[in-house]
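Next up is one chain by itself, shown in structure tokens, the form predicted alone.
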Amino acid sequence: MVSRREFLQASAAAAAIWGASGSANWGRLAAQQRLSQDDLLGRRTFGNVTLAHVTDIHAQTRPVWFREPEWNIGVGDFAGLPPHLTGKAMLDHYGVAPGSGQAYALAYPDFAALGQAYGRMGGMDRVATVLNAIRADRADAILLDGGDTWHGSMVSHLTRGQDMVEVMNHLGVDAMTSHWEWTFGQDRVHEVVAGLPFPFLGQNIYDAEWDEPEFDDYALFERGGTLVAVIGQAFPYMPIANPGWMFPDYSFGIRERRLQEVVNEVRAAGAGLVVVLSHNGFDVDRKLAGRVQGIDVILTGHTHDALPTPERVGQTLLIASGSHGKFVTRLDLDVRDGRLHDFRHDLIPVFSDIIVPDPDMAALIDRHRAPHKDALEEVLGTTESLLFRRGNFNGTWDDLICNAMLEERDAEIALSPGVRWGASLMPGDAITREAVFNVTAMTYGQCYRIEMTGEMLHTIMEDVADNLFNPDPYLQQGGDMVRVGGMGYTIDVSAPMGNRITGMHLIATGEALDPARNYSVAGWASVNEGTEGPQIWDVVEAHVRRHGTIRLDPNTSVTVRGV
């Protein structure tokens, strides 16, 4: 039974949400700040099964700025296909009007200016209201969490993910899969999973010693006269992309053959709808969908893509729901006679100035923030530049982090990991300690300083480039390109491994890197156990305090070819 308060909250949310199904309404509602219950009354439930999907929240409990990528390069068979369209190309592909709310939510052009009109996005109290509205319309909707949930903020770092565990429990998640959760260590994962009121899924997570499945492969739900199977697919490249010493008892991998066996098993058990809750990344899932038979829906994650319409591979729908709480996907499905007949899809934008926060969730978030409030909100400086991180190459947050390492660690070259998470800051915003943690919070954040030869640096850059631009998605085992400071280079994404990176040089002098010479290099987020150095957030904080006001010139150190 829905209470009066929940109904009113749902009505307010639905007025924003259901009116936002078309691109014209996104912009109209956001700009005019008008809500109407008529929009709720106009929404009609479709089919007999509803899925709600969130992924890659990265512990962002409050509304954020988050700029979408300028660079999202596809290679091989997937070049030029969504999600590898950005900016105007993306807007044109989906028929989105520039300057609209949809354009602001989905693409990077004019981000700072449009942000003033449309405001921040996300906030788990707003996400809760969206889900209240969905459940008011269909009470038995299945809420699925794609992982990268517990990690990525100062509060989650200090509580070892406990704040997000309680937030997701309160949301009423029905199942989840995982990635960065494992960087709290396998003991912490087991501790949390033992208390979860929903299954922690991963058909591809195996006990490393016995080579046997460790967690539930799937969960079954009876909805609308249909048996729904949700199969979990955790991030497959854990020991490569993250420190294997934090979870030594487990192996991962794509395990395509076993996934087919699990699909066959649930079909034999009577599943009329088979859903893969995945943290593979979009291109891996696109390939997977063409090779594993019997999957109706893949809810994809890891690469942070937000697509306003599903992609289809054969009979499989690929759904991408963005990151950082910016969107909630609602997928209504008509499943009859053991098969999927039709669907309706909504990528719901969580405009935080429009959607009414759920008071219970807001109170829960505040309770976890309260012990750390002064430290979170302490102002370190101000930015005159838009600070963002998202895309294949350096963002301005990455430039700031690299500049801090060069200066504070007295290095010639800085290397920063090519991670995608981290909220943006608008020009004129205060740089708080929380803002710095939002782009640096790791359980292995030591900032090292070592000597590397030019040859070693070239080998590292080639290896990272192959992880990103190998034409076989199954061999794309990392994040985006390592971010660099103090050094420039040219990359040809169409070239074979070993020939992609040329023209490496020191920016300060223009001098080409000598393969035999040693260079002082500062970096952080090493996957090696026992790495020594100050924490990266302390390095960045010292740099921001030293300068007070941050202004970053456009970064032209990387030349991209072969696109």
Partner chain sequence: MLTRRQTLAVGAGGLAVTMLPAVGWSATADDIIAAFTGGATPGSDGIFLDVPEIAENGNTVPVGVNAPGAEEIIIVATDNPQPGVATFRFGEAAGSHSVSTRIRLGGTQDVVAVARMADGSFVQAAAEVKVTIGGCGG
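Positions refer to the first chain, counted from 1. Just so we're clear, the structure is a prediction, and the values are computed from it rather than from any experiment.
The same protein also has a form predicted in complex with the partner chain, omitted here; what follows describes it.
- With respect to the partner chain in the predicted complex, the three residues Pro417, Thr453 and Met456 uniformly fall within 4.5 angstroms at the level of their nearest heavy atom.
- Per the 4.5 Å heavy atom criterion, the partner chain in the predicted complex is contacted by stretch 462 to 470, the sole one of 309 to 317, 95 to 103, 462 to 470, 429 to 437.
- Among residues of the shown chain, Val482 is one whose heavy atoms approach the partner chain to within 4.5 Å in the predicted complex.
- Using a 4.5 Å cutoff between non-hydrogen atoms, Leu196 does not count as a contact of the partner chain in the predicted complex.
- Within 4.5 Å of any heavy atom of the partner chain in the predicted complex lies no heavy atom of Asp358.
- The partner chain in the predicted complex is not approached by Asp374, whose heavy atoms all lie more than 4.5 angstroms from it.
- In summary, among the residues Tyr118, Trp182, Phe282, Tyr237, the only one with a non-hydrogen atom within 4.5 Å of the partner chain in the predicted complex is Tyr237.
- Here is the short version: of His157, His302, Arg389, Arg330, the single residue with a heavy atom within 4.5 Å of the partner chain in the predicted complex is His302.
- Contacts to the partner chain in the predicted complex (heavy atom within 4.5 Å) from stretch 233 to 272: Pro236, Tyr237, Pro239, Ile240, Ala241, Asn242, Tyr250, Ser251, Phe252, Gly253, Ile254, Arg257.
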